[in-house]
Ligand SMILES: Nc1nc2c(c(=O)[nH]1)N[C@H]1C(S)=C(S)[C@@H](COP(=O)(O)O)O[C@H]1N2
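First, one chain by itself: the form predicted on its own, in structure tokens.
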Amino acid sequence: MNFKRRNFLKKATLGSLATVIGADIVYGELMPKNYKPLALQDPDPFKLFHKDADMTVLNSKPWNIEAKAHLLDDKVTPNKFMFIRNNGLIPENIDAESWTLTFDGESVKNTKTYTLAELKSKFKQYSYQLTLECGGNGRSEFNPPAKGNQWTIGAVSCATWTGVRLKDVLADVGIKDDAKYIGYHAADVHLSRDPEKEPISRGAPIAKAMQEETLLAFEMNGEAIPLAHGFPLRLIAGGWPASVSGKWLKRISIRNIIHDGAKMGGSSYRVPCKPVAPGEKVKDEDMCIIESMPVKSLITYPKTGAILSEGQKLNIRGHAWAGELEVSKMEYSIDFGSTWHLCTLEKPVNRLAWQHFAAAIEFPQKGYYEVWARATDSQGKSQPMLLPGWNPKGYLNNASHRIAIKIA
């Protein structure tokens, strides 16, 4: 191969790498042969984010990681078992000492900026256990398949979050009577690395912003929030899709319209306002924004596939939640939903926290069984036994969780 051809191929390769990285590789001609730039080398996510090695990585650009059901057995979810859902790149070189949060928008009386230290010292701090679930949790079960990360059942958590109430800060900022929505803006970086683009900028109605449990949080489980979960400051709006709980908060806009930021329109975190046939295309104007998440439950013990001896009782346990509502009843079935039996069900520690259930099950004979779990909310709505109505992005799958059991 002559020199000109070798030079041409090297430049073509550098050009391809630069496209993937999103920037020219300065001194790229000096890279060793067959060297792979660090930007293209995926680090070990379990070490990087202090996650359990049994977690499942769905995507690395951006990072999306979920738990398995049995990993979520703790009443309060520890960091090592907490799912990660990102839309962009995690911000780098964060300095909590100089971090600020600005309030602006059409419906704010005066633009105002707080340092993190001011938020911590000026306002009373609160701690709540709050359930966060990705709107697409369970997407992998939809048919026809829905685009997006193929979450199974592990994109949910309930940690203890500590911060200041957003309503208290909004009262200090001063908002106008026409305030309708909030929209958050964060420090994460668009996958293209274009500084003019936001990976995600969602929000919630002002009524949700004013709830007692809606926090500007800076601690998770008694420690500074881990980087992957929004250090040093994030919004927590329990019971709604976790995409409402923006990480790495830099700015909150008080809007007199429904917030129109990135991932607020089209099919993003929206479902058909009326049922549609599987695979049907839906116009934007016929889509509704997801707000409170539906009633759901998860068997966290034992792990699916457990084998018991004949005559041995099975003690199951797990969690149930219902968005803005409370779970009023929890049941299990071992005959594919033909009959249901009550579980014991604990009250939530606070509003928007998941609830814990348990039951002791006897099996009539040897063989294969499935244990199905079904929660009912305070308005009488129960989980469907199988997949609920199809939607274009595979949101809101709250079908009964099931584990396999063999009596040997």
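Please read these numbers as outputs of a predicted model, since none were measured by experiment. Residues carry their position along the shown sequence, with the first being 1.
Missing here is the form predicted together with this ligand; even so, the following discussion is about that form.
Asker: Since exactly one of Y181, W248, F142, Y114 fits, which has a heavy atom within 4.5 Å of this ligand in the predicted bound form?
Answerer: Only one option qualifies, and that one is W248.
Asker: With this ligand left out of view, which of R234, R255, R270, R165 would have a heavy atom within 4.5 Å of it in the predicted bound form?
Answerer: Checking each option against this ligand in the predicted bound form, the one that comes within 4.5 Å is R234.
Asker: When the contact criterion is heavy atoms within 4.5 Å, does N86 count as touching this ligand in the predicted bound form?
Answerer: Close contact exists here: in the predicted bound form, N86 approaches this ligand to within 4.5 Å, heavy atoms only.
Asker: Against this ligand in the predicted bound form, would T77 count as a contact residue? Criterion: heavy atoms within 4.5 Å.
Answerer: Heavy-atom contact with this ligand at 4.5 Å: absent for T77.
Asker: Against this ligand in the predicted bound form, would E331 count as a contact residue? Criterion: heavy atoms within 4.5 Å.
Answerer: No, E331 stays farther than 4.5 Å from this ligand in the predicted bound form.
Asker: In the predicted bound form, is there a heavy atom of this ligand that lies within 4.5 Å of any heavy atom of L216, even though the partner is absent here?
Answerer: Contact with this ligand, no.
Asker: Counting only non-hydrogen atoms, choose the one of 293 to 301, 98 to 106, 278 to 286, 184 to 192 that falls within 4.5 Å of this ligand in the predicted bound form.
Answerer: Contact-bearing stretch, as computed: 184 to 192.
Asker: Who in 207 to 232 is close to this ligand in the predicted bound form, meaning a heavy atom within 4.5 Å?
Answerer: A228, H229 sit within 4.5 Å of the partner.
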